[in-house]
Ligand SMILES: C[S@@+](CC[C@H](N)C(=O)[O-])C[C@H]1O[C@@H](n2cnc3c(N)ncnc32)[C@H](O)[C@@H]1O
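Coming up is one lone chain in structure tokens, specifically the form predicted alone.
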């Protein structure tokens, strides 16, 4: 049973500071953000992008470095995370195209059909009512827009752990393995079952393991 069921959806202070530090220093996390940013850049070259559960804002910053003609809004329930994200954007010198806002993804204040693409990395397991959030994402997406949802995979094959050891070393590999085993992760079947719920307004989606321990869901409006 995942402990997120008994925790708040947002990461509370001072855990926000540890999370931001870990996300900045971990090569596994940095590579994940770079991969997602490149994937986003392959799908859209202009328009508006929403990052749900942005945390310290590293993904929107990475996307802004790759794409010039986009406006990126990162949202998070944690006011402290948003403060950290704003400071990170200022340091990166890209505050003009990236904006961070405290926002509840369960009922966003944005109008219908205003975003060209929505992305979320590693926050799905925090959502108490994932279908409600998914349907909110569907609502704010423009027709024919896409949502990219990334989550850690709990039932990853053993080969994934060996790959992590070779690429990042045993310490990081074991840390990621423990994280997905006991905390922040879903099995592929759990992920697929939730997305396949009849209440989910996204009727077209695909799921794959895009990288060891990481699942990528592409949802089409």
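Positions refer to the first chain, counted from 1. Computed from a predicted structure; not experimentally measured.
Below: the form predicted in complex with this ligand, not depicted.
Only one of 109-117, 134-142, 83-91, 96-104 lies within 4.5 Å of this ligand in the model of the complex by heavy atoms, and it is 96-104. The putative spot formed by 147, 204 and 217 is not touched by this ligand in the model of the complex; no residue has a non-hydrogen atom within 4.5 angstroms of it.
In the model of the complex, this ligand lies farther than 4.5 Å from every heavy atom of residue 175. Heavy atoms of residue 33 reach within 4.5 Å of this ligand in the model of the complex, making it an interface residue. Applying a 4.5 Å heavy atom cutoff to this ligand in the model of the complex picks out 53, 54, 55, 56 from 35-60, in order along the sequence.
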